[in-house]
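Encoded as structure tokens, the following chain is the form predicted alone, with no partner shown.
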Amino acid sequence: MNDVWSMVRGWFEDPQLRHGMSAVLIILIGFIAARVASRLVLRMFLKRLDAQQQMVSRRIVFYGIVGISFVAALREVGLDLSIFLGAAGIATIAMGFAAQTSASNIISGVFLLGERSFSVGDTIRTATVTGEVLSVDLLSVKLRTFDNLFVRVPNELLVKSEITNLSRFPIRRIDISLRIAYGEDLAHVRDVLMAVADANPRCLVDPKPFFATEDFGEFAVLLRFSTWTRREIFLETKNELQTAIQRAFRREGIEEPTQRRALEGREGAAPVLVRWEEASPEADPKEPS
């Protein structure tokens, strides 16, 4: 027993082992302090910062304290930091030439953070994808699409392309395109659409719903009906409105022109498409010859 105790005491009296244990202890304490400090910063500025700023602040505090503790641990074991700084400078130059795309993404990420076009939790639409922003990192922006897919978009691509923030403002406009037969009374159609919007509690009274005649097509009048709702219930309200409009049109006898094909051909031969025609549902269909 005395021999074991003497061996253990000899380990603690060894300067190298003592400095190594001190370095490990410094790193552990620094890691714990970084976790605690990042949470305290989040609680202190929870109401003043948005989700993106909270994430960036937590990372700066956490990795800053961890980096300081790591440097202190290296000094504790007696390593000369000037050697590492010189090697880091040479490695940085070499990596700069080898990773120009990554450097461009990092710079673009700084611009995205400074511009604040969107933040974590927003729903954005780019040229190729639409989804919720999960994080804005140094190299890329992470998105989650509506069908629950994870998409990584490089920062450089976002800086160069158009970005639409679908959740920046509290309300959104619902646009519904309609095709009405020429025989229908447009004033009556407008009254029916306005009544549908008034009956839906999710449609806002201010701004008011909007009815417009877009164009007079070859076989139908093209209309647009717009109303406003809160962005959180945009899709639900749009689906409800479309269903309610269809029911109201059936109840009021408002018909949309339907498209049918006119086929002609000789007996025993394959019919040939001659023309497209538009006709109301109540019209008698013409049998192909």
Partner chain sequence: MVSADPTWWGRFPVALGGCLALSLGPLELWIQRRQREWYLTWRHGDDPVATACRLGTGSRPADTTDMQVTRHALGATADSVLIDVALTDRPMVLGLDTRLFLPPGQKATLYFSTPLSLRLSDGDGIPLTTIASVLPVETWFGASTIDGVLAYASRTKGRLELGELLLRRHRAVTAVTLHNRARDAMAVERIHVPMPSLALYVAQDDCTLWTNALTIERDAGGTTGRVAVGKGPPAAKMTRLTQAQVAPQTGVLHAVSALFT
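Computed from a predicted model, the values in this text were never measured in an experiment. Residue numbers count along the first chain shown, from 1.
There is also a form predicted together with the partner chain; it is not shown, and the following applies to it.
Q: What stretch, of 224-232, 58-66, 35-43, 249-257, brings heavy atoms to within 4.5 Å of the partner chain in the predicted complex?
A: Contact-bearing stretch, as computed: 224-232.
Q: If we define contact as a non-hydrogen atom of the residue within 4.5 angstroms of the partner, is residue 144 a contact of the partner chain in the predicted complex?
A: Close contact is absent here: in the predicted complex, residue 144 is far from the partner chain, nothing within 4.5 Å, heavy atoms only.
Q: According to a 4.5 angstroms non-hydrogen atom cut-off, is residue 218 in contact with the partner chain in the predicted complex?
A: No, residue 218 is distant from the partner.
Q: Hey, in the predicted complex, does residue 183 get a heavy atom within 4.5 angstroms of the partner chain?
A: Contact check for residue 183: no, nothing within 4.5 Å of the partner chain in the predicted complex.
Q: Does the partner chain get within 4.5 angstroms of any non-hydrogen atom of residue 77 in the predicted complex?
A: Residue 77: no, not in contact with the partner chain in the predicted complex.
Q: If the cut-off is 4.5 angstroms on heavy atoms, which of these, 204, 103, 159, 72, is the one near the partner chain in the predicted complex?
A: Filtering the options by heavy-atom distance leaves 204.
Q: Counting only non-hydrogen atoms and a 4.5 Å cut-off, give the residues of 157-193 close to the partner chain in the predicted complex.
A: Result: 169, 170, 171.
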